[in-house]
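What follows is a single chain, given as structure tokens, in the form predicted on its own.
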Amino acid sequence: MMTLPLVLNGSHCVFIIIGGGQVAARKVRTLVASGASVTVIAPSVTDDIQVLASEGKLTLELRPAGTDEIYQAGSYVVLATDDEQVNALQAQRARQAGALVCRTDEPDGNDFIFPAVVDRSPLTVAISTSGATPALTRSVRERIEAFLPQDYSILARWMEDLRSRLRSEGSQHDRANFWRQWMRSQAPEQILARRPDIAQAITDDLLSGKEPDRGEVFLVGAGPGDPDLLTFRALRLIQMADVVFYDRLVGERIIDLLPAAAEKFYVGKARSDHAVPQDDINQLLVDEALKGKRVLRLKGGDPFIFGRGGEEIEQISASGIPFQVVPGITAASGCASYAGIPLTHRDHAQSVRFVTGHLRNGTCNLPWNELIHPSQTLVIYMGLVGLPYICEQLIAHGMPADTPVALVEKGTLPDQKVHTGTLASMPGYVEGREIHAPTLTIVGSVVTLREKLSWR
């Protein structure tokens, strides 16, 4: 069945619902929210229909639909009883009167159907499979619901007000060109970020013919590797980028999400191998933003946890360039979860500490005494090369040699491996095996739970 999707003005529509059960109630809630005139005819109704009737939001007739029921031409009749014969009879009478019919028990041959709706009023998104596969309709609706933030309703209202303003002022602008420029500007994202003053300033500049002289920088955490762990905000900004600077820990499957037209630059760092020095990266972000571009700085994990995000944002802020920081799932959380190791547990650890095994000057001079605690989980980033020394120092400063250790290799990725041992055994274990970065080390009794909680 081919269908024609239309958007109706609810306040101009008259709906008659025959039936008062849960199916009818779902339709009634949608119609009342749209401002339609609704009459429900049924011998009994659900509590929520009764409440809407008591609030004056619909007309309720507590009776069965009669064989001589009268319908108004041009009205919309929804037949939602569980009696097929009643639905068929009322459909015939309604059509004879010139009404349009929707039978909820019979998807084929309806004059209209109810799509699944994602409501970000005044923005609405309707999804329909013409009644053929409701399960697919629901699934697509759930995906769109998740991807469109609730704040899109704020954006839609803001744009609605701006459109009305331009009309009332008799603006002579090329409307189509203005809206193309506006949607490409920082204004929509500033509204979603709850910064309407900045959005208004950008809008005023565009209306005055001034081209925006500065872009924006998005510092986005890409998580530990699995693209499914990206936040919705991260994905939205990734898909908006004009130019991208990405790190070694950002996987190919995430790079594939970038716009095809975006310029992409690898600026990753491996041990003793920095593709681009950090100071140069900072300057590149500033230079590209000053060209008016939307600059995406894509970093593995969370940019503010051992990600040098603070250093990069300092220079961007000092240059007066607008920026956003989007947190990502840090490696400790992602890798531990995928390895089946809870970082805290009432019977094992009441605190967790993150440290890096590779400092700025290449040493591993950690505050060893502070790391020795019986009820604490210790998570070590970038510690693969220095692992024998780390294990030696922890034992030397009082941590039991039989303390469990897990080394998570390529955490959250399809080829993830988890190596377990103790502080005493792990140095010899890694020496005899080829283990590839990125790795994360977890030290503490919580590692013993992996055997029970491992799920992948």
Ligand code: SAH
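The numbering used is simple: start at 1 and walk along the sequence shown. Because the structure is a prediction, the values reported are computed rather than measured.
There is another form of the same protein, the form predicted in complex with this ligand; it is not shown, and what comes next is about it.
**Q** So in the predicted bound form, does Phe218 come within 4.5 Å of this ligand, heavy atom to heavy atom?
**A** Although this ligand is absent here, Phe218 would stay clear of it in the predicted bound form, with no heavy atoms inside 4.5 Å.
**Q** Considering only heavy atoms, tell me if Phe306 and this ligand come within 4.5 Å of each other in the predicted bound form.
**A** Yes - in the predicted bound form, heavy atoms of Phe306 and this ligand come within 4.5 Å of each other.
**Q** Would you please decide whether Val408 lies within 4.5 angstroms of this ligand in the predicted bound form, comparing each non-hydrogen atom pair?
**A** Looking in the predicted bound form, residue contacts with this ligand include Val408, since a heavy atom lies within 4.5 Å.
**Q** Could you tell me if Ile17 has a non-hydrogen atom within 4.5 Å of this ligand in the predicted bound form?
**A** Ile17: no contact with this ligand in the predicted bound form.
**Q** Run the contact test on Gly300, Ala331 and Thr439 with a 4.5 Å heavy atom cut-off to this ligand in the predicted bound form and return yes or no.
**A** Answer is yes for this spot.
**Q** Note which of Ala339, Ala289, Leu79, Leu249 lies within 4.5 Å of this ligand in the predicted bound form, where distance is taken over heavy atoms; exactly one does.
**A** Going through each option in turn, the one that passes is Leu249.
**Q** This ligand isn't shown here, but in the predicted bound form which of Val118, Met382, Leu235, Ile316 has a heavy atom within 4.5 Å of it?
**A** Among Val118, Met382, Leu235, Ile316, a heavy atom within 4.5 Å of this ligand in the predicted bound form occurs only for Met382.
**Q** Just to confirm the contact call: exactly one of 279 to 287, 323 to 331, 370 to 378, 125 to 133 touches this ligand in the predicted bound form at a 4.5 Å heavy atom cutoff, so which is it?
**A** Result for this chain: 323 to 331.
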